[in-house]
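To begin, one chain is listed below as structure tokens, in the form predicted alone.
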Amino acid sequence: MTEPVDLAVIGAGPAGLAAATTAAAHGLTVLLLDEQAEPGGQVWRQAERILGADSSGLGKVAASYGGAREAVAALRQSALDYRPGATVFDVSPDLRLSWLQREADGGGTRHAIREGAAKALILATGAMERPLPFPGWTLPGVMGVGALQTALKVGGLRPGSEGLVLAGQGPLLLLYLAQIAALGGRAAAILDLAPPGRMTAAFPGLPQAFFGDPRTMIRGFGLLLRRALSGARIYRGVTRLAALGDESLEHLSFESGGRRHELPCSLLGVHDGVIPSTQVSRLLGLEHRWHDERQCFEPLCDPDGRSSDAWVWIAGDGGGVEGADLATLRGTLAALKAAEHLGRLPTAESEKAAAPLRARRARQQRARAFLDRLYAPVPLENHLTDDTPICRCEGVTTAAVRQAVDQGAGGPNRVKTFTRCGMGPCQGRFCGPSLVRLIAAETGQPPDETGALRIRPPLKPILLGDYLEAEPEL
């Protein structure tokens, strides 16, 4: 086992990088664990390679990497213990961590089970795309827009101009559309799944949002303009979406403008915003609350990210989605308060450094409040049918969940017992959020009462072969 450190940070995205380097700069011993091979997380994926790319190629994607260069440079100059390729599969309440470490071994890769302990913990596990179940969403050829963006950043893969359709709403969808356009790609059609009237409902908050964070708002309006000029046909108020095909996606069926439409399609990118990744915070038994507007559970934290456990902080989108700019700020705040709690930073100095960060966050949150209203989650009933799979791994349908509820399963864990929903390799990541919303709708209970799926280790599926071949560090 490695020597105990003052602070462990899980995740090397914008929040995790800021937290780890800030803590190290204040004299803490820091262990930074991240599953990816390079720093940057999902938002700044492959940051070093993309920032160094030629402006005629993937370098065009770097426009959305504001702050990444400085964050990664700070990491490389820091004395902290950075472990890329680390899949964390267990964290105990006494902050003992277990992870599977991927390491280069000649021309191949070996795996080692590593263990460590920390006095304090910062979770910077980020967010995941909100699942949006609809008929055919499990067909090959149907992907999340986030997955398409990953393929773009990692492999330079962009779809051809024919056959790509984007369905959904939200900033990430607009950003991806702009990124592929910069590289010569385009979408044939865009299916806007937002119900009519969203802009009207959100409009009263626009002035505050603009004055709170004008840069984000101007960037957003620019992305909307690029969508309008993209050449893609836009269908608005889309409902009853279905992906159809024998062995893979061949065409789409949906309603828009009061009539049924059919479109040929070989690749569908779907997006309905992002939600916090709460697997680790759930495993630790931290308190969570249901956010009605965002339709998801979020860990209960104070303004500096401190959770219901006095030794655990949550930084960035894992504590409530606010975007990359605020993730960096929140990572810094969490590190300052952790350093204070560990006795390495006087309270007066911590407060002096934290005050302007809190004020800036409060201003920028006005834009996030506007975006939350504008891109409120798509109602499940707009697309669900009885035979739509809720749990992809176990093939559990909407009808099966409703039947379990009718038979007395009043919460996700009881439905799991009745149906196996949530027992597959994803361990409830993809079905859990939709399952909670569906049960709440069926029972009429608020999600805080129905609860969420219990999380147990291992957090990520680990191959038995990895255990057998691993070299434990004890």
Partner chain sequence: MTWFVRTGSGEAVRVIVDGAPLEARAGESVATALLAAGHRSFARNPASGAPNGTYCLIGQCFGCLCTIDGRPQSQACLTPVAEGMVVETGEQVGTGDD
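As the structure is a prediction and not an experimental result, all values here were calculated from the model. Positions refer to the first chain, counted from 1.
The protein also exists as the form predicted together with the partner chain; that form is not presented, and the subsequent description refers to it.
Can any non-hydrogen atom of A404 be found within 4.5 angstroms of the partner chain in the model of the complex? Outside the cut-off, so no.
Give a yes or no for V88: in the model of the complex, does one of its heavy atoms lie within 4.5 Å of a heavy atom belonging to the partner chain? No, V88 stays farther than 4.5 Å from the partner chain in the model of the complex.
Taking the partner chain as it sits in the model of the complex, is L58 in contact with it (heavy atom to heavy atom, 4.5 Å or less)? Result yes; L58 sits at the interface with the partner chain in the model of the complex.
Although the partner chain is absent from this view, report whether T419 comes within 4.5 Å of it in the model of the complex, heavy atoms only. No, T419 stays farther than 4.5 Å from the partner chain in the model of the complex.
Tell me, please, which stretch of 109 to 117, 345 to 353, 284 to 292, 229 to 237 lies within 4.5 angstroms of the partner chain in the model of the complex when heavy atoms are compared? Contact-bearing stretch, as computed: 109 to 117.
Please state whether every one of the three residues R76, P171 and S307 places a non-hydrogen atom within 4.5 angstroms of the partner chain in the model of the complex. Checked in the model of the complex: no contact with the partner chain for any of the three.
Looking at M199, L224, A359, L157, which has any heavy atom no more than 4.5 Å from the partner chain in the model of the complex? It is L157.
L252, A194, L100, L80 - the one with a heavy atom within 4.5 Å of the partner chain in the model of the complex: Exactly one listed residue reaches within 4.5 Å, namely L100.
Judged by heavy atom distances of 4.5 Å or less, which residues of 126 to 152 approach the partner chain in the model of the complex? Residues within 4.5 Å: A127, M128, W137, T138, P140, G141, V142, M143, G144, A147, L148, T150, A151, L152.
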